[in-house]
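What follows is one chain in structure tokens, specifically the form predicted on its own.
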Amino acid sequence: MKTASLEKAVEDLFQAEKNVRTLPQFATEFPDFDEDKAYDVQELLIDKKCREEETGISGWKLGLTSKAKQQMMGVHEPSYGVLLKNMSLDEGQTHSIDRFIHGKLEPELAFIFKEDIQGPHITAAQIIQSTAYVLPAFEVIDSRFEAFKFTLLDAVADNSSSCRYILGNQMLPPDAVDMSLTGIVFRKNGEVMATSTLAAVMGNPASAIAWMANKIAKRGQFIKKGQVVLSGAITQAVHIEPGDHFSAAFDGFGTINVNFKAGE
């Protein structure tokens, strides 16, 4: 894929999000567009957003951490994206959906790090040891592609469908949480959408983050002290509409809540 094409992909993705419009898939148009180039686009897109939106990197997120999603996309491992400071929304508040294209919400476990984590040989145990605390979170995923249809490479280039994230207020040390048995109940407008456990995230959310730490090390990147990492969806994502109230009750944590509306 030529540099000019990479730059066009970055500009197209940036403008699509900025103007709340969709794009056709583009990965299949370039026979040499592979995973490395998809992450090249992602990095260039993050650089552009930091510059033009006057924001900075606050952390990372994982995608495709469930076997079902991996099989659906025809892949054998997760993907990752970058969180920016201007993606953060307050828990318990009401937020506009006007900047979303296909906004969907999913519950996750967030990790906040007390020290740098540098791959490529990080284990889940090291992730736990380096974590200051964990807390319930929501991620709003979105896609800049038409009809929410895309290949894995399209999604990676599109910052793994990142949009917004919401951190709860209930913080626990990571060794106080059973990373395989802790259960959650995810509700939309009081109706149960899904029940699950943290084991849905690669058997252990810390394992998912260890995978990511080792993966990003290949590109000279690492998790920095103070950064947040969303470890991956615990349930399926649910479409967001105006007037929706979402909650996720985490065993031993409490409940995270958020509301959405039309208009600013």
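Computed from a prediction, not measured in an experiment: that's the story for all the values here. We number the residues from 1 along the sequence you see.
Omitted from view is the form predicted together with ligand OOG, to which the following refers.
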| property | result |
| --- | --- |
| Accessibility of shown form to ligand OOG in the predicted bound form, site-C-alpha superposition, 2.4 Å backbone/C-beta rule | open |
| The unique member of L83, I127, I141, I184 whose heavy atoms fall within 4.5 Å of ligand OOG in the predicted bound form | I141 |
| Proximity to ligand OOG in the predicted bound form, single hit among A233, A27, I223, L198 (heavy atom within 4.5 Å) | A233 |
| In the predicted bound form, segment of 130 to 138, 170 to 178, 102 to 110, 89 to 97 with a heavy atom within 4.5 Å of ligand OOG | 102 to 110 |
| Ligand OOG in the predicted bound form reached by all of L62, F150 and S160, non-hydrogen atom within 4.5 Å | yes |
| Contact label in the predicted bound form: K69 to ligand OOG, heavy atom within 4.5 Å | yes |
| 4.5 Å heavy atom contact, A155 and ligand OOG in the predicted bound form | yes |
